[in-house]
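There is one chain below, alone, in structure tokens, taken in the form predicted alone.
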Amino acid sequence: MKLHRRVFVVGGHVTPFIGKSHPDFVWKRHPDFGKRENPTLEQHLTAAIRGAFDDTGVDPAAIQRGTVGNFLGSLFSNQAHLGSMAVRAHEGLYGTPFVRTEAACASGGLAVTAAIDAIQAGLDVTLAAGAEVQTTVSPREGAGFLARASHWETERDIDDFTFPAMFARRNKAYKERWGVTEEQLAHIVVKAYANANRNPLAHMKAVKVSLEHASAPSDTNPQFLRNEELREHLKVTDCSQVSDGAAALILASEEGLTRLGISASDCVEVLAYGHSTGPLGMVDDYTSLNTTSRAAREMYADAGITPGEVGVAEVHDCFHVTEALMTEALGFTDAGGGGRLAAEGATTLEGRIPVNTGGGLIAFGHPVGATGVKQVLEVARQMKGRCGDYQIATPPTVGVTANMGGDDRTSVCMAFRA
């Protein structure tokens, strides 16, 4: 979408993303098991929204409209109506119109685009948040909940773990077509964990992964699918995390910045976004992300930029092969080149196009509804030199995000300039 009014990311807040293997997450092997509980969906959402106000100094009463990205609150947390839940975060929001957006793992990205659209329609200060809690049930039961993002009638039974199997299918096809190796793709995993080890908010901040460990199955890195045809094409380390967490950001027009007393030079500008949707259960090529490619083309055309100008990217790495395919869909390499791009180190913090600098979904974590909002804040913080130990040496001036729902069925790509 080409913007006719300028839009700026004022700032925001990301909660720690937590789950199994995070030192603060309580589960059956944690010393505090039975003594305290993990934060609820409402607590994560409230912390993100209040944190956004603290980060920016914006008065909650200045927010004219809000959007909350969430996929499965009604299943994991028995809680729907999250627009109204968000308003509970601060009394200054009482009466402010809020709604929920849902597009599976792209729910957060669409929350941001809805907040942008509200500014295009004439408002001046909006808020976008995203939140998810996914650790309230067993992994197998949770996988069934998440399978609602597939075409249930035709795809649910591919495996108990539907989405891992669907991307194992992509991985199988990708390797067979282009000769990509597991070791090449393992570089994506190693990079993700290395970045997360430097990120205090990351789910896997305390877990280290070597190239040897990520490259081959083992007792500590098993192939877990029941589908015999696909089992060998996915290991535990290839997958994003089952995480809890939230993120919230504040957007403003030029008039809104004046009202807030904030300089545009302290913000990151939204240049454009692309949004594309494909039909559920009808993927025509497992070796490319065609829906994301369409969204990316729209974004680049409307922003007036090219892939070669991009200095940082946050992309949807729900599995290692997805990051490889995302770098191709965004034009950073040619078809089949995503594995080579990673193996060459081009996507590291020191590379020519750093990707997923805080650890991505694989190691920063993937609280589904929060991911698309977190991606925007990650890019904005890199562009403003605010990422601490994992900051790119020279803050980039152009960044992009790509947030995907389902098996590349919904995709939102956004471009930003510092």
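Don't overthink the numbering: it's just position in the shown sequence, from 1. A quick note: this is a predicted structure, and the numbers were derived from the prediction, not measured.
Note that the form predicted in complex with another copy of the chain isn't included here; everything after this is about it.
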Residue within 4.5 Å of another copy of the chain in the predicted bound form by heavy atom, from Arg226, Arg297, His81, Arg177, is His81
What is the one choice in Thr162, Gln184, Thr96, Ser288 with a heavy atom within 4.5 Å of another copy of the chain in the predicted bound form? Thr96
Within 4.5 Å of another copy of the chain in the predicted bound form, do Ser210, Asp238 and Asn356 each have at least one heavy atom? no
Does any part of Val87 reach within 4.5 Å of another copy of the chain in the predicted bound form? Heavy atoms only, please. yes
Another copy of the chain contact in the predicted bound form: Ser218, any heavy atom under 4.5 Å: no
Going by a heavy atom distance of 4.5 Å, is Thr410 a contact of another copy of the chain in the predicted bound form? yes
Examine Thr333 and determine whether its closest non-hydrogen atom to another copy of the chain in the predicted bound form is within 4.5 angstroms. no
Choose one stretch from 141-149, 202-210, 307-315, 240-248: the one whose residues place a heavy atom within 4.5 angstroms of another copy of the chain in the predicted bound form. 141-149
Residues of 60-74 having any heavy atom within 4.5 Å of another copy of the chain in the predicted bound form, listed in sequence order: Arg65, Phe71, Leu72, Ser74
